[in-house]
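Next up: a single chain in structure tokens, the form predicted on its own.
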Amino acid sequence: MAATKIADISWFHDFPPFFTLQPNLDTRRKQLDAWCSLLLDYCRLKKVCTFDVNDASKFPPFFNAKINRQLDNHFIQILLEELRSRGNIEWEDKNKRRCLIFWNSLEEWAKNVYQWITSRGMNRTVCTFYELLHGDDTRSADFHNIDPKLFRRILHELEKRGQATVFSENGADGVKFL
């Protein structure tokens, strides 16, 4: 059975000091590592691909009603900067209010999508974004139902590698895998 609750992902979430930024640098490093793992595991599990800082207080990993703890905004900003420095988020705006979340690196995503395409003999095939993101054939794929903005970034990574061409025609986005 797959984990469905935060407590299934990390026991740290029920540990009150986990919600307080630790002053000792060695302890803080371990704390940030644990938070990054928890957030990326949660986002992978729930297929969360975008994050809005304005909604931070409602984001389940950032609070625990059971122990009456919540991350403060300063801690959230430090955590988001740590994720950015690791390549796990990319800001969508210059004010750093919305970001894309990469629980896999763009390189890993691109590799996974291209392997999926290749394993099905779909090279040189044209597909719409919709059929790849929401089609019956992709139900078992990691990229099924992910955010279209993240999917576009993945496909642009494949374009840079010369493995795909992204296009729009008559209001529909599509891709040809090479």
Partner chain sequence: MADRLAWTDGQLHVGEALVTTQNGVSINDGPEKTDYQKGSIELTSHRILWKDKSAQVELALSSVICCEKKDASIISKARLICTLSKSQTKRPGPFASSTHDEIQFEFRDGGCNEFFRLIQEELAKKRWSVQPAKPTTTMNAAMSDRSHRTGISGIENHLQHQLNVQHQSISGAFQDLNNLMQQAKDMVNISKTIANKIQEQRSDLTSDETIRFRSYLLSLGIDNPVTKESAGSQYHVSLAREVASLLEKSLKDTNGIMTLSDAFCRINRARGYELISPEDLLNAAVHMEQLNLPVRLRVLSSGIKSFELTNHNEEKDLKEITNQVESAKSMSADQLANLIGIPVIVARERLIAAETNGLLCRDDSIEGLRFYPNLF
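Residue numbers count along the first chain shown, from 1. Fair warning: this is a prediction, and the values are worked out from it, not measured in the lab.
What follows is about the form predicted in complex with its partner chain, which we do not show.
- The stretch among 148-156, 66-74, 133-141, 38-46 whose residues place heavy atoms within 4.5 Å of its partner chain in the predicted bound form is 66-74.
- Exactly one listed residue, out of Thr27, Thr125, Ser119, Asn54, brings a non-hydrogen atom to within 4.5 Å of its partner chain in the predicted bound form: Thr27.
- In the predicted bound form, none of the heavy atoms of Gly162 sits within 4.5 Å of a heavy atom of its partner chain.
- Contact check for Ser168: no non-hydrogen atom falls within 4.5 Å of its partner chain in the predicted bound form.
- Shown without its partner, the chain has Trp11, Phe12, Phe15, Pro16, Pro17, Phe18, Thr20, Gln22, Pro23, Asn24 in segment 10-25 as residues with a non-hydrogen atom within 4.5 angstroms of its partner chain in the predicted bound form.
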